[in-house]
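The chain below stands alone and is given in structure tokens; this is the form predicted alone.
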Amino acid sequence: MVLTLMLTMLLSGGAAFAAQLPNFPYHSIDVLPIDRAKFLAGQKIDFEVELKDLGTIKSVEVLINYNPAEKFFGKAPVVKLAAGVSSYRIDQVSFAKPGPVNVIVNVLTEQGAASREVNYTVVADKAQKLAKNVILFVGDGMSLQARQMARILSKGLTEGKYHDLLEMEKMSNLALVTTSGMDSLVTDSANSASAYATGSKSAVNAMGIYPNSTGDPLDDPKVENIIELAKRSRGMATGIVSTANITDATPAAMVAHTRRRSEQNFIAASMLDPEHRPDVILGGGSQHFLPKSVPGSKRSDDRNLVEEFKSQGYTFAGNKTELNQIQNSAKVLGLFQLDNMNVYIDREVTKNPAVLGSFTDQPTLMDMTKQAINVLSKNQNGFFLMVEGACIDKQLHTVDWERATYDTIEMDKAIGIAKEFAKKNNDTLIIVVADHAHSASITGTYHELDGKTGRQAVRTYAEAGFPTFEDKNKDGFPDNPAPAVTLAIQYANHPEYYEDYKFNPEPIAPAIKSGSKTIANPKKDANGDLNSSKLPDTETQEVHTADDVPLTADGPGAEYFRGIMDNTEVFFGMVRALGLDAVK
């Protein structure tokens, strides 16, 4: 079919497009950004209308607040005609004034007329007392129950009363945050982090974009993110810190724009782009920065991004010793593992060479957070820093709640460092939130003191009593992850796996592939109970849930966070606290 598109900006004659033909599906006209999107005034976006399977198109009219889009934005559209899907697109535009925005698309085809209407909200709110800095802590997968596990192990309780609360719990404001994306009830980390970074919902696996119909993961309409806004509008310093690959979903969403989170080589290179190049980059994942000739590299080219960052004035650290030696540097790149960094128990407690390999000198999240703040706080315009406790999620995926909980405690201690910095000038907003939840839940305690084993030794109600974790050295971490009485943790959504309720000295996958199906890994808890899968037999891990997650906040602008909030509101709380003027 040959499509002919006469693009007409009709200022009148709307009556000709009044009716939606019943044979045109609702999504024959997709408008990106989507309906009910919200933007900061001046925030840059790419605007696109896709026309799908409408037959021969005679004319298209795109009106924004009843003005032709070309006139409203002051830029001509790029129109692409194709059989099946046609596109009308204007890149790098914004809404300068706060208030409602109405978009109407009218299409005239040989079969009749079709139309679509969406509405946006544009805001420019500023907190009464502004923050100079924002530190966003993201506990990946850190549900309410994950916080509670950390409180039990780190603070303990006697006769039902906790001895203390976590640092993340001793904050002025509390809210519940929804987690769903634009395409699915249950989100992934890219999609949810993108909501925090841009204020816009996206799709699973996507970050910093609205997904269009093409197969190209790099051509989707972009939305300006918090790092780009902070750098462009105020010249702030910016940083990302994570215990995962620094190109993994959450840190990458603060920087990059792609439909596919697995494009980690692209994301690593994109971090060099001046518009969103963070001043501090600390985490794992050197495999995406080193040329393919280096053993362990995952790059398919000869680019050495570490050297390219050095040429941009960055000081490089490859281990904890080098990180702690850095002084008077305004830009730091630290990569401490080829892949994800090892978790706290393996790095700091068991220190098993079989697990750590040659990476025996990795910094803690506290080390990285402290150095990041030291570097970024030298910028007189303030800073934005995102710190992720990434492996909380990765360990809950493998039903290893002990490792997840130690990493939650590790992030809490990093939050304590940020709070100490914030106390000095009372000009820093600190936000602590998860990106989604997991299904792990505390059902009681577990012990074999009376000879019972397996599920017969799970203690509930009055028989549960209390676990016997101890912290004699007062470092905030239990001295032993395997006390005589431990927690009984159950999961609602898991593959088939064996469970003996005991700590595993080495991390081990709960399930493995056997042919086309997933079976319990016989190397994990082989003498334990066999838990039948609650998931399709293609899943090898426990999966995310759609649960709301708690958010706590403290400092200037924290009053914004209360009640039930959409996940996109985290972005608007941050830009409101900073009082960013994106129209500049």
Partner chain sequence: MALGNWGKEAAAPLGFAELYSGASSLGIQFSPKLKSLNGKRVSMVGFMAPPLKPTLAFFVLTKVPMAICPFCSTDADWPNDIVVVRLSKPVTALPYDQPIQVTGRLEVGSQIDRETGFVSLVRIIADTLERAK
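Numbering follows the first chain given and starts at 1. Given the structure is predicted, the values throughout are model-derived calculations rather than measurements.
Below, we turn to the form predicted in complex with the partner chain, even though it does not appear here.
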* Tell me whether 287, 294 and 318, taken together, all sit within 4.5 Å of the partner chain in the model of the complex, counting heavy atoms only. => yes
* To do: Spell out, yes or no, whether the shortest heavy atom distance between residue 121 and the partner chain in the model of the complex is within 4.5 Å.
  => no
* Using 4.5 Å between non-hydrogen atoms, is residue 262 touching the partner chain in the model of the complex? -> yes
* To do: State yes or no: in the model of the complex, is some non-hydrogen atom of residue 298 no more than 4.5 angstroms from a non-hydrogen atom of the partner chain?
  => yes
* Looking at the partner-bound form in the model of the complex, is residue 512 within 4.5 Å of the partner chain by any heavy atom? -> yes
* With the partner chain left out of view, which of 106, 337, 439, 486 would have a heavy atom within 4.5 Å of it in the model of the complex? -> 337
* **Listed residue (172, 312, 425, 358) with a non-hydrogen atom within 4.5 angstroms of the partner chain in the model of the complex** => 358
* Asked: in the model of the complex, which of 59 to 67, 34 to 42, 547 to 555, 533 to 541 comes within 4.5 Å of the partner chain (heavy atoms)?
  -> 533 to 541
* Asked: What residues in 518 to 533 sit within 4.5 Å of the partner chain in the model of the complex, counting heavy atoms only?
  -> 519, 523
